[in-house]
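Encoded as structure tokens, the following chain is the form predicted on its own, with no partner shown.
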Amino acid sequence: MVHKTSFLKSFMVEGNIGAGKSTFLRLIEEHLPAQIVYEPVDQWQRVAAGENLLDRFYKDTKRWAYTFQSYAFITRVMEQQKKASVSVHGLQILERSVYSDRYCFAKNCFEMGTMSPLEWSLYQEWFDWLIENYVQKPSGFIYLRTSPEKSFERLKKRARSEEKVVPLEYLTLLHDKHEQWLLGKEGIAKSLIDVPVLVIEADQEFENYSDQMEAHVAKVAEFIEVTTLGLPAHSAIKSTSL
């Protein structure tokens, strides 16, 4: 099955809730010739008849975990496909990916007991089918690495209504999942092991510091160039501080 995304190079900006991904992408959009694809949060907040599925997930996670996590990865693929169909660039940079859905958020729900073993099995079956048929292997991951404490501080600052009930402990679990997946390469599909990762230490604020932002835009541009030229993955794994 061929989709326009097959002709695009894709890079995923990953990180915990509150890591600064949306802000980072808005700044990247000003400097790099790439199509930016944001998380379809609005779609999660306004499902059929105006239902807020994201709010339901946070308020009653055990009831809505499977529903939300399934809808999240499906709508993420839909958004990427929709944007690709009108793209004038050969490069997409996405806010999160189906892989963080799988290896961080859904897996965490299962381990917390808010997704049953049966639901987890169904989720993985749907996921495997979807990425086999509709998702192109990413060219690289850009990991905005923050401490759980910093993520919690930013989450409180932005005051998104659905996230009022999110505790620090939950962010700590998600942080650990990102570390295991992106840095430890633990329990992931063999096809992802060689996908390079650019690590950006993002505890420091960067939105209002142009010199820092320019330096990291340059790092992202270099990372994209190195990986798309097909150089060895280990040579494209970098770490930089904001």
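All residue numbers are counted from 1 along the displayed sequence. Because the structure is a prediction, the values reported are computed rather than measured.
Omitted from view is the form predicted together with ligand TTP, to which the following refers.
Contact with ligand TTP in the predicted complex, judged by any heavy atom within 4.5 Å, is made by just one of 54, 195, 200, 37: 54. None of 163, 153, 79, 119 but one reaches within 4.5 angstroms of ligand TTP in the predicted complex through a heavy atom, and that residue is 163. In the predicted complex, ligand TTP sits within 4.5 Å of a heavy atom of residue 105. A residue is said to contact a partner when one of its heavy atoms sits within 4.5 Å of a partner heavy atom; residue 22 meets this definition for ligand TTP in the predicted complex.
At the 4.5 Å threshold, heavy atoms of residue 158 reach ligand TTP in the predicted complex.
Looking at residue 44, you'd find a heavy atom of it within 4.5 angstroms of ligand TTP in the predicted complex.
Contacts between stretch 66-83 and ligand TTP, counted in the predicted complex as any heavy atom lying within 4.5 Å, involve 68, 69, 76, listed in sequence order.
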